[in-house]
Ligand SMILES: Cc1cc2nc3c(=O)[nH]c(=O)nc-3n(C[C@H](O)[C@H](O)[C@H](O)COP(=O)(O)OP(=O)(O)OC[C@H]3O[C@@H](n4cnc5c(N)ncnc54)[C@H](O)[C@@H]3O)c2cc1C
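Below you will find one chain, with nothing else, as structure tokens; this is the form predicted alone, and questions on how it binds or moves follow later.
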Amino acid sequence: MTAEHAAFMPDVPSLLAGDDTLTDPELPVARSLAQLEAMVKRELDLVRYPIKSWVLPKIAPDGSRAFDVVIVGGGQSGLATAFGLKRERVDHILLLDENPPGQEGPWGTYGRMRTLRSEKYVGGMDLGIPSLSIRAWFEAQYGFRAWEAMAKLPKQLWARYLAWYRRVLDLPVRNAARLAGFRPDANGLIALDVATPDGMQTLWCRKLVFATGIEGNGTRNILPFIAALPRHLWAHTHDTVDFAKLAGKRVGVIGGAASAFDNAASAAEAGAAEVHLFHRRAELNPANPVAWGQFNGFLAHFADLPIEVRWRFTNHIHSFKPAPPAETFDRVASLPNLTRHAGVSWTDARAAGDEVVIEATDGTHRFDLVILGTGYILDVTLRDEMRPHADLIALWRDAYTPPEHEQNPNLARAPYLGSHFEFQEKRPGEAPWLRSVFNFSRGAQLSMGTMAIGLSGIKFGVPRLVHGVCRQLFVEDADLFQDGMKVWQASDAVTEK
């Protein structure tokens, strides 16, 4: 193992220099990435029936062929969706991601945990192809014993796995490309305004998929009195933070969820003189409903529940506000320069030169930087690309009125989706084109459960999403396919001689 590999393996350093071979050297497994990649190609070939591309081409206004599907987001959900479409022989696709290569999704940017929060056995990116699984990729490089000894996967290794997955499957990702807007055109296509380093470009597609993660249907939640401060004095946990520059500084963090704890720990580990972590709840609930829901019935079939049951489930899940994982608690507790203020809120803030003065319920504090672990606001009107269509998109408050004791204004703003993640029109007949736009993002949770918000759901969410996309592509062209069958039937290829 290389030193680089060892740095990514904090849970099993003692194994990397020793015998980390498989228990049975005769097992038919890859012992290098090159062997594994050959197995990927072999397994895909074994299950590739039917083999022909089938989506009928549509010509865009500029004379090019419109993309069958464009996916916004090149992280794990977008990549898995692209692979799922390719397996169904929908080949003319494109992924757009506004970030540079390697910074798609949270793993190389704002994800500041040491390991994935999911158990190492959680899969789904492979879509049933064993050699594409994270375990196959891991064991090909580190061996069986290292896999067995590891509790959770280091996040850097997951980022490397995603890069490998993208490369070995030859998925067409266009980086540094931000979707600025979309709209229907007169030809039944969707026109996309894409901001690139070379300026604004227009692309066309038949189906559009948003795989935009936790911020895809809203924006960061910023406390108003923090937003009024000079921008260099505060950050959100979703922001880029140069932790090395915090050495010797005083840092205040607010939030009781895992991201706030991770950011506080990252600042303390980077050498901050003092880190103070505040959270309003005096006692953090160790119960995690996401862990409870790790079974096939809930993961695969939540979306099949009646509307009122889905509301009750999600409303109850959101009431838990679970604590960070145990390993995150341990990480924070191990740092002598980090102080936790449980049951304490911030009430106001002001700038004093290059300092932030925080008024909290336990007194006044002064910091060089404050970091907000205050989560996200679910509201499509806050997304620039969706705002022009926000009044056309059906929300849950348009589809369902819960009993008084189950009211939840935040959930009521969630998009109300069809059974395959497609947007619904608020007023029937006013925007039927919205059914060609699919929302595989965090805001889908109320409609679809956890199928779009984490690794545990990808296994179930991607096939459902892909099925819905392919269904539309075929049904919309049924007459053309029938005409093609008549031409084929009359051709020499099937005429007896």
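Start at 1 with the first residue shown and count on from there. Source: prediction; values computed, not measured.
Separately, the form predicted together with this ligand exists; it is not shown, and the next lines address it.
Student: Would you say all of V55, G124 and R464 touch this ligand in the model of the complex, counting a heavy atom within 4.5 Å as a touch?
Tutor: Judged in the model of the complex, none of V55, G124 and R464 sits within 4.5 Å of this ligand.
Student: Considering non-hydrogen atoms and a 4.5 Å limit, which listed residue (R160, R397, R178, R340) is close to this ligand in the model of the complex?
Tutor: Of the listed residues, the single hit is R178.
Student: Of the residues I317, L299, I214, A235, which one places a heavy atom within 4.5 Å of this ligand in the model of the complex?
Tutor: Contact with this ligand in the model of the complex is made by I214 alone.
Student: Report whether the minimum heavy atom distance between N99 and this ligand in the model of the complex is within 4.5 Å.
Tutor: Yes, N99 lies within 4.5 Å of this ligand in the model of the complex.
Student: Report whether the minimum heavy atom distance between A444 and this ligand in the model of the complex is within 4.5 Å.
Tutor: Taking the distances in the model of the complex, the answer for A444 is no, it never comes within 4.5 Å of this ligand.
Student: Using heavy atoms and a 4.5 Å limit, would one call E385 a contact residue for this ligand in the model of the complex?
Tutor: Yes, E385 sits close enough to this ligand in the model of the complex that at least one of its heavy atoms falls within 4.5 Å.
Student: Even though this ligand is not shown here, does G449 get within 4.5 Å of it in the model of the complex, heavy atoms only?
Tutor: Heavy-atom contact with this ligand at 4.5 Å: absent for G449.
Student: Pick from 163-171, 70-78, 357-365, 137-145: which stretch has non-hydrogen atoms within 4.5 Å of this ligand in the model of the complex?
Tutor: Result for this chain: 70-78.
Student: Going through 105-142, which residues have a heavy atom within 4.5 Å of this ligand in the model of the complex? Please give them in sequence order.
Tutor: Read in sequence order, the residues that approach this ligand (within 4.5 Å, in the model of the complex) are G105, P106, W107, Y110, G111, M113, L116, R117, S118.
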